[in-house]
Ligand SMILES: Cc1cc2nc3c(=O)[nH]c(=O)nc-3n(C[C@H](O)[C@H](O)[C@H](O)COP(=O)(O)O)c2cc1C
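One chain comes next, on its own, written as structure tokens: the form predicted alone.
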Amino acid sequence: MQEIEPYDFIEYFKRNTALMVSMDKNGKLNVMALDWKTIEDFDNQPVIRAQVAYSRYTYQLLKEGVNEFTVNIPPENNHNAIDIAGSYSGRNTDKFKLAELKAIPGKRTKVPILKDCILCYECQIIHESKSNMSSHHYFYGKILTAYASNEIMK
């Protein structure tokens, strides 16, 4: 993985489902499938805006756990991890084990990134707000570091 600018390879970010990793205060990890996401400028800094449903375990972790998250774009052939992350609840399932995901330490966050992803973003939550959709909440994560795999750097 090589460090990149947040808007590099934006086409991969936009067209692929992401795996969002969050963590509780005791270090327990969770991963969810994330489709509703954008990279935009907020107060003149690049952020990822992620829409998360109030009913999701990830929402609870983002509100009560570590004030960070990572967004990871898996290769297009990794549908199994996305299916598992989007079909099970982290409240009672170790989705990392079930999907055979490997967490690797981030450089700037406690929340890890995911090995074998083509893009990874380490983010610190700097703002949140209600979404236009009553069932979702916006989390704005300042992008601290972004990475691309050698696979797409070619």
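Keep in mind that this is a model prediction, so the values were computed, not measured. Residue numbers here begin at 1 and follow the sequence given.
Heads up, the form predicted in complex with this ligand isn't pictured, but that's what we're talking about next.
Here the chain stands alone, but in the predicted bound form its contact with this ligand, taken as any heavy atom within 4.5 Å, falls in 27-35 among 96-104, 27-35, 63-71, 118-126. The putative spot formed by Ala53, Ile82 and Gly86 is fully lined by this ligand in the predicted bound form; each residue has a non-hydrogen atom within 4.5 angstroms of it. Although the partner is absent here, Gly90 lies within 4.5 Å of this ligand in the predicted bound form, judged by heavy atoms.
The closest non-hydrogen atom of His136 lies within 4.5 Å of this ligand in the predicted bound form. Looking at Thr58, you'd find a heavy atom of it within 4.5 angstroms of this ligand in the predicted bound form. Proximity of Thr17 to this ligand in the predicted bound form: non-hydrogen atoms within 4.5 Å are present.
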